[in-house]
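First comes one chain, alone, set out as structure tokens in the form predicted alone.
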């Protein structure tokens, strides 16, 4: 056994073969520098030729101890660290904290602030999926998609910058509302984004979805059965692509999502193409929500309830979750009634979704492993908390 093999903790079923193929099987490090790993992630792949016999993900390369740091700061201070988890869904991360504080302290949220929150969260969902779409195509060799995706992503990013001054690590939500009101031309610019997004989604379908190479490289690859997805705690598009109808916005509604009509896209086979298609249809549903939110947006009114000097949670345990771009993102806080939490724990979608990789990659080819990982849409800092 090599030094690499002896240093690896193998999961069940990943042990050396005993059927005479031991001389043919070997280990390959995929990452942490490999571009297909979507962050600093190492995959230890056991191969027989080009056939994947097993995969062991090794996260932890960008672990910063954010949850532990949260035990030494106030809840309001911790808000600024949630942007560094899934940085492509930073607003959803901070929203879960705000929902906890508002429930625990009985804070009301002005209607205008609720609409601002929903509009920005759905815009970030679209922006995140656009970035994923561009990178997914690039992972499969379609370099052009990267430029198309970032072209449209930039339009949304520019609006974020005008609203809160940041382009990526957005820290705009506050308990009781938002940090400041939106610019006067906010709705007009949202309308421009919606018009561009409708055109772009049609363009994406013509460019990539119907491409015969993409079809052949995604259909029947990385099949995730519904029962397996549920047992691993998968969420978001990864879960819904396997036919499981669960979306926190719809089934455990929060904010004002119950005011909007939208569908939850589902897949049938749970393969890479279904995960691709579900995200494409989710962007269309986000456009649908945004159209309703813009039409109902209050013309005037406060954007935040009364700001408190300190936010001390009553003693007890508190949990709220939201439907972030990659799935269910939750925050669990244990409080003893003081300013600093006793314990903060985040439930990130990426950890559960990555955990299923070994199950769905066995028997695939090495090139298919790139497709499978990309279809899971992993953002590693969401896992390395």
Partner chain sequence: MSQHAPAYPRRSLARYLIDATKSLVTGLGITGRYLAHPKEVVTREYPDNRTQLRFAERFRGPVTMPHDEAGEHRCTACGLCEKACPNGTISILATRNLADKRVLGQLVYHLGQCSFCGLCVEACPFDALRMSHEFELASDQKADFERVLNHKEGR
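What you see is a predicted model, and the numbers here were worked out from it, not measured in a lab. Positions refer to the first chain, counted from 1.
Unshown form predicted in complex with the partner chain; subsequent notes refer to it.
Trainee: Each of 80, 84 and 203 having a non-hydrogen atom within 4.5 Å of the partner chain in the model of the complex: is that the case here?
Mentor: Heavy-atom distance to the partner chain in the model of the complex: all three under 4.5 Å.
Trainee: If the cut-off is 4.5 angstroms on heavy atoms, which of these, 260, 232, 148, 254, is the one near the partner chain in the model of the complex?
Mentor: Selected residue: 148.
Trainee: Though the partner chain is not shown, can you say which of 195, 245, 162, 71 has a heavy atom within 4.5 Å of it in the model of the complex?
Mentor: By the 4.5 Å heavy-atom cutoff, the listed residue in contact is 162.
Trainee: Of these, 224-232, 121-129, 283-291, 96-104, which stretch puts a heavy atom within 4.5 angstroms of the partner chain in the model of the complex?
Mentor: That would be 224-232.
Trainee: For residue 141, is any heavy atom within 4.5 Å of the partner chain in the model of the complex, or not?
Mentor: The answer is no: residue 141 has no heavy atom within 4.5 Å of the partner chain.
Trainee: Against the partner chain in the model of the complex, would residue 211 count as a contact residue? Criterion: heavy atoms within 4.5 Å.
Mentor: It does: once the partner chain is placed as it appears in the model of the complex, residue 211 has a heavy atom within 4.5 Å of it.
Trainee: Spell out, yes or no, whether the shortest heavy atom distance between residue 314 and the partner chain in the model of the complex is within 4.5 Å.
Mentor: The answer is no: residue 314 has no heavy atom within 4.5 Å of the partner chain.
Trainee: Answer for residue 115 alone: is it within 4.5 Å of the partner chain in the model of the complex, judged on heavy atom distances?
Mentor: Residue 115: no contact with the partner chain in the model of the complex.
Trainee: Under the 4.5 Å heavy atom criterion, name the residues of 239-261 that approach the partner chain in the model of the complex, in sequence order.
Mentor: Contacts from 239-261: none.
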